[in-house]
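Only one chain comes next, encoded as structure tokens, the form predicted on its own.
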């Protein structure tokens, strides 16, 4: 079985190599890339079925390829692991990833750089699989950085567009903040545990320990300066939280993800909905023992998640770009997952991660179908009435919108309700109120989006809307089915996912609160209808350059929502502009007059000194005799003065 799990990441990597070195045409590039990711999914299903056949206490397969690093006491094997937690992530990455690859065959048809696109897409899946299957922190970090690189390359796929190039750089730079904290956390783990392995592993007959089982040993220990020591578990877990804040787009580092919509829509679906951005949630769940040992960090995690959910949720209701609505929605839903981790509800976080990956991929691909069918139109003010021209896209999008809004019995209802129920049962009242209000906002902006895109009449007559081809609509149908039945993996009376993850998380099943579920459902239906009604009844007022129909009820607050509470502008004023000003000063003043002036000044000085010495080279014997006599006098004077 060990050799089998290596095929899971290696198959898409083979696709990457083939598209880089062998394939030169669009059709074989798409078929090879898609087929190998689909094959990886089939292998994953086979391996997980075999894993499920093992006794619960033995459901962890670790396979070491070689000893990657052997430098003094630092020993890091290159190995991968399949256990219940990594298994569910692998299914999401390969399953949804395969559908997005096939969808891309239609969406990216005719693109001049499509072969390179599929190569990067395959490499991304490979890196994401190493992230979730790595048996130690360093391999997890390898995948972590790999998906960051692929994100940069894919967001900037159309690099000739200034917005795409800027968004790629922004995503890369903002994520480096979290990555720096991640590196410090790894250094602290190694310094205090002597290993980066998650669990005990045997390499070349030698047993290497894992640090997760030893976390209870460090409770009460501290590190840092003597005048202000920090609890070790708190310090490490807080650094990991910062890492997750960057990768999973949490406040205040969420600003990169909405701009990342400048990349191709399938990229948005794969990287910024279903997989990469969930890396932070997975990492916190994998290192749950460290977070559980620090109540202080848990509180930070809870508040960061709750505030992110609210800030991004309020921003989503005021966007006009169809993809930016979904982008802020992704940030908001990631806030739900992070908040669940802060409550200690890690199973609920993974449950919502899985369902969200399905229905948000559906919504992004549905938005891509709309953009494709309206000839690259993304402004919802130019849409309207598309349900008749694009019936398959409409019905599947409606399913995804209902799942995101949390309408029973769709998948999003069950996972979101489990988080709210956990907050209620553990008396996290402030966060419960915030998350509940955010869930109402979610229903409102999805009702608004459906109304603007699919109802009324087409507001822009410069394009002829049409349904997308089967290669794009079939993945929508498959994902829509998943959005309908996905909640079955952890129904309140079954708790299959909880039982499956028990060997890793040791978490008991949460309780179902029918009153809360009823209130949440009624609120979701009501707010969805309110959003739909407000924008269908005021369709004539929706136009480019005009005010949103909701502006009359909120005033200038709506402008703040449209700008996501001006967080981006704050960064621009406080960080970006001063940094650019400093760069301009260094380039225009300090560099030419300081650095260049110093270097050129030294050259000029020696040139002048050489000219002065050259004057002494006159060719007259009397001049040389004078210099010789002066030298003798200086030497004799030195000896008479300093050698007495």
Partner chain sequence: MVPTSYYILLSAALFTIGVLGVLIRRNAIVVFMAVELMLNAANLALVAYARERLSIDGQVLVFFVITVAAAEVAVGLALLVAIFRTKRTTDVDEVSTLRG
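Because the structure is predicted, anything quoted here is derived from the model rather than measured. Numbering follows the first chain given and starts at 1. By rigid core we mean the largest C-alpha set that fits within 1.5 Å across both forms.
Same protein, other form: the form predicted together with the partner chain, not shown, and the subject of what follows.
J.: Would residue 25 sit within 4.5 Å of the partner chain in the predicted complex, counting heavy atoms only?
T.: It does not: once the partner chain is placed as it appears in the predicted complex, residue 25 has no heavy atom within 4.5 Å of it.
J.: For a quick check, can you give me the residues of 621-638 that have a heavy atom within 4.5 Å of the partner chain in the predicted complex?
T.: Counting only heavy atoms within 4.5 Å of the partner chain in the predicted complex, the contacting residues of 621-638 are 621, 622, 624, 625, 626, 629.
J.: Residue 55: CA shift of at least 2 Å between the shown form and the other one after core fit?
T.: Comparing forms between the shown form and the other one, the residue 55 CA shifts below 2 Å.
J.: Quick check on residue 22: with the core superposed, does its CA move 2 angstroms or more between the shown form and the other one?
T.: No.
J.: Once everything's superposed on the core, is residue 13 shifted 2 Å or more at the Cα between the shown form and the other one?
T.: No; that C-alpha moves by less than 2 Å between the shown form and the other one.
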